[in-house]
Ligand code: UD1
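Only one chain is included here, represented as structure tokens and corresponding to the form predicted on its own.
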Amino acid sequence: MADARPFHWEYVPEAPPPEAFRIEGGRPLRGTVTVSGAKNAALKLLAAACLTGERCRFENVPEIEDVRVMCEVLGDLGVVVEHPEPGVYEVAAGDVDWLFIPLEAAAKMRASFILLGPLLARFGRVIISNPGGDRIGRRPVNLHVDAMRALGAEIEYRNGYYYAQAPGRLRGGEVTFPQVTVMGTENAMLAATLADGHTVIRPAAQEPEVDDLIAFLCEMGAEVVRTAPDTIEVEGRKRLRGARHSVLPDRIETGTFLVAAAVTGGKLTLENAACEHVTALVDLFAKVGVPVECGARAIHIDATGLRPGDLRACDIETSPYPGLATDLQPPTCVLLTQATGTSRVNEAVFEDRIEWLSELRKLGASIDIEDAHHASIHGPARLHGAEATIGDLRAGASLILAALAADGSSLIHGAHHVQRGYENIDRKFQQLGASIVRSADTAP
């Protein structure tokens, strides 16, 4: 480890200069792209490293803004984070001398709240700010707080901060959520690994990223088992050890590139892609009429033979895994603009996530936004270049897809949203033949 360079952390007092994507559309994408590690797994794994004082090594970590912010937060706590090479992070939480997650961190990234469980379980106390994140509807953290209380924690909320403590040690117990919550499941699971006794979590989220976290915890010596599709049981341990883990592929990035190939009439091979994690989307592609072939660690899509009007309209509804992920709703809507007929969209997970469709309409999509959860998409629409603004991470990537499929030039403002969760997305598209560059954003 002598040659490892430490990760440098400090909060930037001013936001970086705004950037935009300039895109010349109408070019079919062709080639091979490697899917990066999953953002929604990497952030939770970095937090899990706080459960032990021994060194943990993570590979296939995406080089994205959210990972950088999480490392900043860990660094401010006193955790040693090293970045010896691209995609590799090593974390040693031997001494954590500042159990405080400030507002600045929470405002940058909602996932910082995942530190509640591991810090409370190992150190017995933490002060953590109410989180921020993308504006796609209410995502309350009361379910996380209630889970900690079910394990014996005492938590007060004052002036925007949660003051949490666990006298003695957290105690195993029944954690029952009123609805499925992915990060709530993960927070409860992380806390329970060091609790005294047995914990049952239900309904437990079934997402692949949750199972990836379970695999890492077991590598650390924890006893965590999914005993039923919606049930996770944990037998608490007094201490955990360091471990090494490779982050699973990002299924949302996988879906994004599949849609990119389909709407541009391209032909792509996605390497390091887990087809079994995107079965709902692959099934949807079959209904729409886009051929997708799944391999052991790769996915092939060939849309070069499709003509205007070949795709069929299809109704979609988002739901927890194994259903269609809410994060895949925006790119799927871009696909449906090219389908013949009317497709109905039901965003059943987050309210207000439909709002981004008003930006998609600027590129020529024919869409009726009915309320906070429902919309109708009429197609096929001939998309054209336009100026649009990114409001959140997944909508941002989807506006890029629409611009790549459109005739003419587009200027997409708010590139920083996309940088939060997609590793070098503009460079990957360039390597596939797209005309996309990132430049200074001169929007007022």
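Numbers for residues come from their place in the sequence shown, where the first is 1. These figures come from a predicted structure and were not determined experimentally.
The discussion below concerns the form predicted together with the named molecule, not included here.
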From Thr269, Ser343, Thr181, Ser129: within 4.5 Å of the named molecule in the model of the complex by heavy atoms is Thr181
Scan Glu233, Glu359, Asp327, Glu72 and let me know which has any heavy atom within 4.5 Å of the named molecule in the model of the complex. Asp327
Would you say all of Lys44, Ala111 and Leu143 touch the named molecule in the model of the complex, counting a heavy atom within 4.5 Å as a touch? yes
Check Phe350 for me: does it contact the named molecule in the model of the complex (non-hydrogen atoms, 4.5 angstroms)? yes
Does Ser398 reach the named molecule in the model of the complex if we count a contact as any heavy atom within 4.5 Å? no
Glu90 within 4.5 Å of the named molecule in the model of the complex, heavy atoms: no
The named molecule contact in the model of the complex: Asn40, any heavy atom under 4.5 Å: yes
Only one of 172-180, 279-287, 234-242, 195-203 sits within 4.5 Å of the named molecule in the model of the complex by heavy atom distance, namely 172-180
